[in-house]
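Here you get one chain, nothing else, as structure tokens; it is the form predicted alone.
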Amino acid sequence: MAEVVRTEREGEIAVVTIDAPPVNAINQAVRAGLQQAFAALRADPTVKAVVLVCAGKTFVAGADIKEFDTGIGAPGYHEVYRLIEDSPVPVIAAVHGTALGGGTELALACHYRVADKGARFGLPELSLGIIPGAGGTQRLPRLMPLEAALDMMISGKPTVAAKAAEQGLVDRVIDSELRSGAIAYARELLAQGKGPRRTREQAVQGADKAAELLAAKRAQVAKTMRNRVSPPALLDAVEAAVKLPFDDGLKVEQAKSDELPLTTESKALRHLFFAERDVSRIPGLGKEVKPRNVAAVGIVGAGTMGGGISMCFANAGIPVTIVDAAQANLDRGLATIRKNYQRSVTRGSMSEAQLEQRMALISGSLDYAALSTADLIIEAVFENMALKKEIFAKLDKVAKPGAILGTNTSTLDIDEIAAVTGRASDVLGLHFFSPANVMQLLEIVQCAKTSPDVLVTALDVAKKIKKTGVVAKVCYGFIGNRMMDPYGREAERCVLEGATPAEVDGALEKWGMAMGILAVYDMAGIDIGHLTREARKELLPKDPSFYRPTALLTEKGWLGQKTGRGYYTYPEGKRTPDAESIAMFAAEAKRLAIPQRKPDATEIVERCLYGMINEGALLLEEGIALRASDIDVVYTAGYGFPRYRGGPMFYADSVGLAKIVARIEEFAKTLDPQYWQPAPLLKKLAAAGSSFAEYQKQQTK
């Protein structure tokens, strides 16, 4: 096994190099190597300074996340970092790439920090439901202003080298080659007679205003990170840095840090960390299957979705041709794209030059022949099977051999669409989420005849355009929208039973959903879901109350935000309860003889979520979703499901499947039994005392 930490000499300077590809994660082997290296250097009187660097593309980019489950092997972080901080000669961290988590904490334990101009520092531990636990909460506020330190830890966003230098985290930004620049800096320090400068011996910057600042941050996280335990724990640890001596503060940090990995929140976030890496692992698809080259893309439809999808590719530097039936549509679509980019310029996240570069990659045409050179063509018109078939028949004639044909349908049978072409093996679903240029999820729908290299290409494209691509098989609604059917059904039924839209949405939002489902319908357009259901009327349940509130609103022309009213009204753009729609729902409930049960918040949440989870179990059994964890990624990346709850299937495991089955069986007695029959897989796992996680392990053995 290659040495993960090595020591070399440059005269009186020792250079310690971490070389643990791919990202130099500070695992047990690296810690042991650092301990051995720094212990040996202490015993060498000829060493006058130490430069700590990393090989490869990055500095230490985090910890070994698996250790949160297996336990942290000796030597621990504190032991090693204290050894470095106690060095009798100056230790200079030379940072390139991205120093994340334990990597930034390692740099904080060094006496000085220099950085390549492209380097970034970050402490993203809250994204895993933990806090910086290797001294980060104690050392960072001693090197940079307290407010900046808190912002860095709460946001988890990396800080660029220049900004880090302004704030005091970095002593010098190196324009030349980093290793030699760091050695030169070490020699400067020695020439100036500078010795170790231990971070722990410095005072917290801004301690005099800490009480007010911490109170404000507590209020902020209570609002923006509701239901979570790690953000308040982070603030407790930082408060200890302000109020206590370093070693005592470190004990507070360590106590919090030991507790948090055991919480459901942290387990959920770690589950998603690994789940997002698993989505591209498709059974039966080996490394021998190579993606096709996608150098040019065509889009059919210049509407909201078509424009947003075009931006995704232009952002990745891939030229796009948009085809639409009308010049006015094209002009409007291109103007909307420019307006969206202009917002980024106004916010400062894009320059005018970048805007023009991206617009130059997007062209429009009224002629399908303009798509003849595209490697990938995505149809993005509204949900109408006849129209989509007509478009695919045209694409089949103009697309070059080997071009991939994708449809952005959210519900329709893609096998039926593929059948109108003579190249069904090149067809698949590419279901983007609105707004497509913002939303992270891309549902990749594998049809019966989709060839393996087409599927691999779709996964590769998802990465290139910075989307999380999750593979599903063909069925109504695929993974996401099929599971939304029972979720929305129960929300609407609760309205008919006497809960107001605000009570339904409020219960779901308080539980953690980014937005209540009825507010989502208003935002998306009430008629969209209704028209989709009308198109498949013969397949719907024999139940006059099924999605009846949405049907009523559509009949009235109250289609949500675009018409100024729906489940809510929107005076001056502000969502407000609508007494008239509430009265209309009550009258309809009376006509249908629906008991006014007025479900409380707990029941609303259980009915919406347990219905969704039950459908998820059916999807797993049918093979529509490859893994339970894929479902969790779909919901956290595309549907506003709170990451700290891990996704619907992880959440089900955390509640206990037996408890969920028991509740579903209760609902079968008190509500409509046609909807409340436990899925066979759910029932089987519950009876065995098992879980979706365990089922997934068995399936992938």
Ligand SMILES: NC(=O)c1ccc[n+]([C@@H]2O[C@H](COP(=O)([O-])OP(=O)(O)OC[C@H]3O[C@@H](n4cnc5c(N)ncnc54)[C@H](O)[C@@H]3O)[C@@H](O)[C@H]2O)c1
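In case it trips you up, residue 1 is the first one in the sequence shown, and so on. These figures come from a predicted structure and were not determined experimentally.
There is another form of the same protein, the form predicted together with the named molecule; it is not shown, and what comes next is about it.
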- Identify which of Gly306, Gly102, Gly516, Gly135 has a heavy atom within 4.5 Å of the named molecule in the predicted bound form; exactly one of them does. Gly306
- Task: Answer with one of Ala237, Val320, Leu126, Ala380: the residue that has a non-hydrogen atom within 4.5 Å of the named molecule in the predicted bound form.
- Result: Ala380
- Where, among 296-304, 148-156, 199-207, 341-349, do residues come within 4.5 Å of the named molecule in the predicted bound form by heavy atom distance? 296-304
- Indicate whether the named molecule has at least one heavy atom within 4.5 Å of a heavy atom of Asp527 in the predicted bound form. no
- Message: Quick check on Ser266: any heavy atom within 4.5 Å of the named molecule in the predicted bound form?
- Response: no
- Message: Since only the chain is shown here, I'm wondering whether Phe246 would be in contact with the named molecule in the predicted bound form (any heavy atom pair within 4.5 Å).
- Response: no
- Query: So, in the predicted bound form, is Tyr368 in contact with the named molecule at a 4.5 angstroms heavy atom limit?
  - Reply: yes
- Answer yes or no: in the predicted bound form, does the named molecule come within 4.5 Å of a heavy atom in every one of Asp324, Asn329 and Ser410? yes
- Task: Sequence order please: the residues of 421-458 with a heavy atom within 4.5 Å of the named molecule in the predicted bound form.
- Result: His431, Phe432, Ser434
